[in-house]
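Quick setup: one chain, the form predicted alone, written in structure tokens, and binding and motion questions come after.
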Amino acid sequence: MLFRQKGIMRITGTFLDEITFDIPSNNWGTAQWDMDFAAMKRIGIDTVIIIRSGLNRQAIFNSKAISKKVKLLPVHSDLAQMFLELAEKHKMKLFFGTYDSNIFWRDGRLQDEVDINLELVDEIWQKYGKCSAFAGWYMAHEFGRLYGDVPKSLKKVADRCKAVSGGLPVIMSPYMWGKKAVGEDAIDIEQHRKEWNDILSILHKSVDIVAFQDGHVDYNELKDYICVNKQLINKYQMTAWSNVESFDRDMPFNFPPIDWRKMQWKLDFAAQAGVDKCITFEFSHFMSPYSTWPSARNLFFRYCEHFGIDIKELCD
């Protein structure tokens, strides 16, 4: 179902970024996460996506598969189980992220990255697959253009995800190789179209949903990029979502919550392009009334005001 009001779509999904790459932790326990899930639910979020099972030496559960190749730091709590239980409680779908070593694949050792994830996917499904909230998978590796064998390598992992789970859907959230990502090395929209046509021609039978990140190109060209993305995704009979970033890439420091006006523009562009769903990276840090950022709380208020969402009991 599309949620549109006053010309823009609502955000109905969010990533869960607990093993963070470049964002400080909120240091929440289960009670705080429960409150956050309730706030998500109140504004219409029905989908949560664990962005990764682990990163480098950290993991969200004590994984035997990862430990075979990487010496994990101690894992004292099972965040995966907590997120699944909260998703069940709040009647949300949960997509489970794979593992990004930030070691092997960035060194060009793609087979090592594939091997660790093939075993991990089996482990995840055996351990958590019976949870009713488990709705699919998320490919944790993000990329912005055609790199050698990366699409073929990730296809192997996506295929394993679908095989072990009886065909549950797989999401990916790539970025655009724009000036906010790579500066002067940015490619133009036609090169973007060509490379992503090639990428999706490889992945289209393995990945079901493509949610391009929307923060890497200027606002004056963003609508055109979203439209190109939608055309390509439609061509390969995949589902188009938009990852509406709720943090601001335009500030001289990384990363504050986004200005509400910028979020409005991006939601409007997504609606005009006809995407099927808007998700965000990421509610809990940048949009939650409970975030450590005071401006995230204010972004939440502006969003709720715009859509006429009653949140009185969340703010008492």
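For every residue, the number given is its place in the sequence shown, counted from 1. For clarity, every value in this text was computed on a predicted model and none was experimentally measured.
Form predicted together with a further copy of the same chain: not shown, discussed below.
Contact with a further copy of the same chain in the model of the complex, judged as any non-hydrogen atom within 4.5 angstroms, is confined among 286-294, 43-51, 273-281, 62-70 to 286-294.
With respect to a further copy of the same chain in the model of the complex, the three residues 12, 125 and 128 uniformly fall beyond 4.5 angstroms at the level of their nearest heavy atom.
With a 4.5 Å cutoff on heavy atoms, residue 24 counts as touching a further copy of the same chain in the model of the complex.
In the model of the complex, a further copy of the same chain sits within 4.5 Å of a heavy atom belonging to residue 219. Within this chain, residue 74 lines the site of a further copy of the same chain in the model of the complex, having a heavy atom no more than 4.5 Å away. a further copy of the same chain in the model of the complex is not approached by residue 249, whose heavy atoms all lie more than 4.5 angstroms from it.
Counting a residue when any of its non-hydrogen atoms is within 4.5 Å of a further copy of the same chain in the model of the complex, the hits in 248-285 run 250, 251, 252, 253, 254, 256, 258, 259, 260, 261, 264, 265, 268, 269.
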